[in-house]
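Only one chain is shown below, in structure tokens, and it's the form predicted on its own.
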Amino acid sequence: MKTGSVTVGIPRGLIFYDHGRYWESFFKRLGIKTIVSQKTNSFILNDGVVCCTNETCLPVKVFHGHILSLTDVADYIFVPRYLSVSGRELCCPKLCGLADMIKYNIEKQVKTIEININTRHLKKDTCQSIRQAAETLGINYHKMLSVFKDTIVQNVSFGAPYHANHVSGNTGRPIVVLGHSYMIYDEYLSMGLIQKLKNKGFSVFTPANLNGYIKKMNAEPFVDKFFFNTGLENLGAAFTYMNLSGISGVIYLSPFACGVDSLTLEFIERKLFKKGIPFLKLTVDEHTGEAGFDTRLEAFLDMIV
């Protein structure tokens, strides 16, 4: 199979909202054509829900729907297995086992490309997964490994180069939106939360506005103690923002039954209460209606004006 004739599908879900641009660059540098699934919609959500058990969290259900939307337009679908992206932390179990869930949940035969991500070390299983991907795509293993180091390893543990020391001087009242990137940046799952806040005249700040090092520095006393890096990301962002003056309020958008959020939310809410900062937790699943969502949001915004 010629490299130029292969198309790899990249699902627009989960870690795509953090590292999608790096993976697109990775395949482009290898001469592989990529196609990214369309934005989340009701059809993608419903297809994903059918594939998964009720206990599966909403973002994983949606990811299954994105997989199905790519099966007829791509030769292979890229499903990374994220084990660790920083220090002693591990990724959420759903990211560790995502590739296995896809294989067991989707009855239709799906050809996948799987690469294990562990930036602490290029361990044996990581190299083995790259070797298998290289063989499948007909690419030299050493070339793929080199591109992987340059494109992925050097980038996946870094946040946006913004260092917050104040939140004044913006065009609107500052409000913080916390949550996993695949929730707050997926316009369908978030029900357009960020745009709704901007339409109300707020300046929106998220964990992505903070450099990864800053978030870790401000995540005390949980640095090197909190098991999942996605939890530490939100803890660090919350503790950074709540120590800045001028914050109007904090909103945490969470998928129903998220195990990581069940821990981080407790710590964040307690500290915000002590500081007297208004806080709203919005929990969504596939049954959440936008009317009820908007009612809760508007009531909260009326309270903090």
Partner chain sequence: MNITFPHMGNTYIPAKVLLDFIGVDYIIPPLCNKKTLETGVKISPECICLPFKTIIANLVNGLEAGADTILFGGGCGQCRLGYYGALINEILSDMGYKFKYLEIDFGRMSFGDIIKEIKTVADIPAIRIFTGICLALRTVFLIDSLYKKAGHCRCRELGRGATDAVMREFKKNVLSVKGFAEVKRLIKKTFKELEKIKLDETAKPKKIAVIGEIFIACEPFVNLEIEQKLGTMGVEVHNHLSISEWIHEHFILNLIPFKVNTRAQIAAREFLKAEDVGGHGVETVGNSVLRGKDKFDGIIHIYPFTCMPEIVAQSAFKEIQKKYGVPIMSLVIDELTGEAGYITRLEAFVDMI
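Positions refer to the first chain, counted from 1. Since we're looking at a predicted model, the values are computed, not measured.
This protein has a second form, the form predicted together with its partner chain, left out of what is shown; the following refers to that one.
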Check V153 for me: does it contact its partner chain in the predicted bound form (non-hydrogen atoms, 4.5 angstroms)? no
So, in the predicted bound form, is L244 in contact with its partner chain at a 4.5 angstroms heavy atom limit? no
Though only this chain appears here, would S262 touch its partner chain in the predicted bound form if you measure heavy atom gaps against 4.5 Å? yes
Taking heavy atoms and a 4.5 Å cut-off, does Y141 contact its partner chain in the predicted bound form? no
Heavy atom within 4.5 Å of its partner chain in the predicted bound form: which of L145, C96, M191, V204? C96
Can you pick out, from K124, R131, K111, K108, the residue that has a heavy atom within 4.5 Å of its partner chain in the predicted bound form? K124
State yes only if every one of C91, F256 and K274 has a non-hydrogen atom within 4.5 Å of its partner chain in the predicted bound form; otherwise state no. yes
I need the one stretch from 66-74, 32-40, 245-253, 48-56 whose residues put non-hydrogen atoms within 4.5 angstroms of its partner chain in the predicted bound form. 48-56
Applying a 4.5 angstroms cut-off on non-hydrogen atoms, the residues of 60-84 near its partner chain in the predicted bound form are R81, L83
